[in-house]
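This document starts with one chain, in the form predicted alone, laid out as structure tokens.
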Amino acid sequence: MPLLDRRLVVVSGKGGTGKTTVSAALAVLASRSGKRVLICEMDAKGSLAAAFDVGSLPFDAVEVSPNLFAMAMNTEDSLREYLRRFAHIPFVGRLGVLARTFDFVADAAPGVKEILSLGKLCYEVRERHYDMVIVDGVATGHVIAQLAAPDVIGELIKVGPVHEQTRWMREILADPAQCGVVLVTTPEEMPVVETAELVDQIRAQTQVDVAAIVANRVLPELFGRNDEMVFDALGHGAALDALHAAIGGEVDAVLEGARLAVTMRRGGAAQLETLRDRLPAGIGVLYVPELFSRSTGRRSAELVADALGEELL
């Protein structure tokens, strides 16, 4: 199933891999194709707002560009909406004590908070308010609990409205034609190891399909083998003396930078090869190059969207 044809995509990754930027880029890419897209930040750290160069995102989605709507999840508003939609209890003011009580209960009962937050987004999918919902999800250490929450609650509660809600949530999450997880990594040892392990855990502990891996900040091949031979020759003897005479002391920094670039590229390529070897058949890797740009916010998301667009053609 093509990634952008899925209606719910949950993006996760180790901190520092560019998870939010990739989430924003996927939303930009989908909206460019004419889809009406909702993107939601689950941890409410404000990173998604920065990715679109806007102020703090509210719970009620706001349009940040044509066809693209963004929101941030929070406990009180998600509880208010749940009670209004499913328990038919209207609230006018703030929930106050009830929200604090809910936090206490949710901390003691695994899966409750996850049902509220993920349930809101599954509801948007079910009601077809958007063509695609993208979740800037929690980091890798917590995403399993989030994805498995409907199964956990569904097993604990066998009848009633909560069981019915988990039933249709599970149907959406377990359908690879509707839902998939995208994991973001970088070509470094720890993110690669953690990503490979997370793929295994998702497949073993949840019913959600791993749609793709995004390898972010991949260094390009700046120098071929012949170029390396030239650099090696320039770094010794009379050739090096001639360069010093013509250019000055900067030549040493240039040659060292070239060697470092080759070393980093080879190290990253080896890590990505390890990742591909560990992935189950059918899970593709999308490559986003190192942008070598000072761009941030929306411009960075658009550049990553361009790169992902080329990969998904």
Ligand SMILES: Nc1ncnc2c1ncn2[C@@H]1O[C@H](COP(=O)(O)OP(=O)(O)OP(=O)(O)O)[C@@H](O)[C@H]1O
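All residue numbers refer to positions in the sequence shown, first residue = 1. In this text the structure is predicted, and so the values were computed from the model without any measurement.
Unshown form predicted in complex with the named molecule; subsequent notes refer to it.
ask   = So which of Leu26, Met42, Val288, Val37 reaches within 4.5 angstroms of the named molecule in the predicted complex, heavy atom to heavy atom?
value = By the 4.5 Å criterion, the partner-contacting residue is Val288.
inquiry  = Please tell me whether any heavy atom belonging to Arg217 falls inside 4.5 Å of a heavy atom of the named molecule, as the geometry stands in the predicted complex.
reply    = Yes, contact at 4.5 Å.
key: Arg298, heavy atom within 4.5 angstroms of the named molecule in the predicted complex   = So Arg298 does not count as contacting the named molecule.
query = So which of 43 to 51, 271 to 279, 254 to 262, 56 to 64 is the stretch with heavy atoms within 4.5 Å of the named molecule in the predicted complex?
reply = Contact criterion met by 43 to 51 only.
task = Scan 4 to 18 and note down the residues that get a heavy atom within 4.5 Å of the named molecule in the predicted complex; none is a fine answer too.
result = Stretch hits, in order: Lys14, Gly15, Gly16, Thr17, Gly18.
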